[in-house]
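The chain below stands alone and is given as structure tokens, in the form predicted on its own.
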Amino acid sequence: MEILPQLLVNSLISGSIYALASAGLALVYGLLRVLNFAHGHFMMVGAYAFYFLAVEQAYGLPASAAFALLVIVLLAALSFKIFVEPFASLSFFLPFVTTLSLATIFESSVSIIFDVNVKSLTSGFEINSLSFAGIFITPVQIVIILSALVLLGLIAFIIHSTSLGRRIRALSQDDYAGQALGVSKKKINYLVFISGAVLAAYAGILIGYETNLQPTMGNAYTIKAFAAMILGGLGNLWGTIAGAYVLGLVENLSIGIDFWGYSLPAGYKDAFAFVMILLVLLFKPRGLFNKEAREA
């Protein structure tokens, strides 16, 4: 149990990345009722756009971040226009198919442009760990935790304390009534979809500094974002964020603690997203943080 504090810190780091990724997915589903299976691929594309300018072109962080932001905003707007908006009103399942197609397009395009080899945003310089009371953490990991808290706090402020947040909540509860009150559904839909993609891209950049980048990373993080959303409850933003931290905690404890002298290999860590999805759907299908609906 002496490694428990380190495992808790590692859980906070993983949970912060999952929370940033899943928050955007939950916002999109809460407003549009669209399951965006290309969400993790926006993470990947944003990270590679940042990598292109920061590493391959040797530009500074501000220019690289601005370039990645521009790429994701344009791609998200174009993707929503072509792959989501024409189909969302026709069927719940059509955006599922079209966003899966979009994910394949993103993955194939990045593989062609950057090849399939693993990339890293930290290549060329060394990151030293800091030690506090036996807990090791890097400056990048501190940035991950603090920036996640700041961004999630900013989302909370916008959703609950601004006129934009009131319009988003109005449309999510009853889009016809919201439009009758003068809220532009089309503009809000675009704004929320693009904001979700930007949050995902930022999470992807953090992953590039924390681990590495590869074109296939989008699939794993899409599944983890969905796992967090199912844990918290579909359409429940704050439940999804809590579910992301729960997922990070379970993953790190499962591979870090011995069970009767046996510990699970680190390669099994990603499997827990699937296991948690199955268990929650079996025993708590509305999610851990959604209230049970009353039956007539």
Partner chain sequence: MEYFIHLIIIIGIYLILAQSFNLTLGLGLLFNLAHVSVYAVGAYVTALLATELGMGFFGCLVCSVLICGLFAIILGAISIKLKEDYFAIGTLAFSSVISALLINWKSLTHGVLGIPGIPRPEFSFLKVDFYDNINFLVLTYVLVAITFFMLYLFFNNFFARTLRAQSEFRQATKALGKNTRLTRNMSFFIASCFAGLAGSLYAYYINYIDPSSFSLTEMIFVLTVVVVGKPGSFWGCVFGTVFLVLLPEPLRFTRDVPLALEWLFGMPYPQISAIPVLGWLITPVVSFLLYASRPSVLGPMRQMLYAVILFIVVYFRREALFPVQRRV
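Residue numbers count along the first chain shown, from 1. The structure displayed is predicted, hence computed values, not measured ones.
The same protein has a further form, the form predicted in complex with the partner chain, not shown here; the description that follows concerns it.
Listed stretches are 140 to 148, 194 to 202, 215 to 223, 161 to 169; the contact stretch with the partner chain in the model of the complex is 215 to 223, by a heavy atom cutoff of 4.5 Å.
In the model of the complex, the partner chain lies within 4.5 Å of some heavy atom of Pro86. Although the partner is absent from this view, Ile112 contacts the partner chain in the model of the complex, with a non-hydrogen atom inside 4.5 angstroms. Contact between Leu94 and the partner chain in the model of the complex is found at the 4.5 Å heavy atom cutoff. Although the partner is absent from this view, Ile230 contacts the partner chain in the model of the complex, with a non-hydrogen atom inside 4.5 angstroms.
The candidate site formed by Leu7, Gly153 and Leu249 is entirely out of contact with the partner chain in the model of the complex, as no residue has a non-hydrogen atom within 4.5 angstroms of it. A single residue from the set Thr104, Ser131, Thr211, Ser184 has any heavy atom within 4.5 angstroms of the partner chain in the model of the complex; that residue is Thr104. Checking Ser120, Ser108, Gln173, Asn117 for any heavy atom within 4.5 Å of the partner chain in the model of the complex turns up a single hit: Ser108.
Heavy atoms closer than or equal to 4.5 Å to the partner chain in the model of the complex belong, across 181 to 203, to no residue whatsoever.
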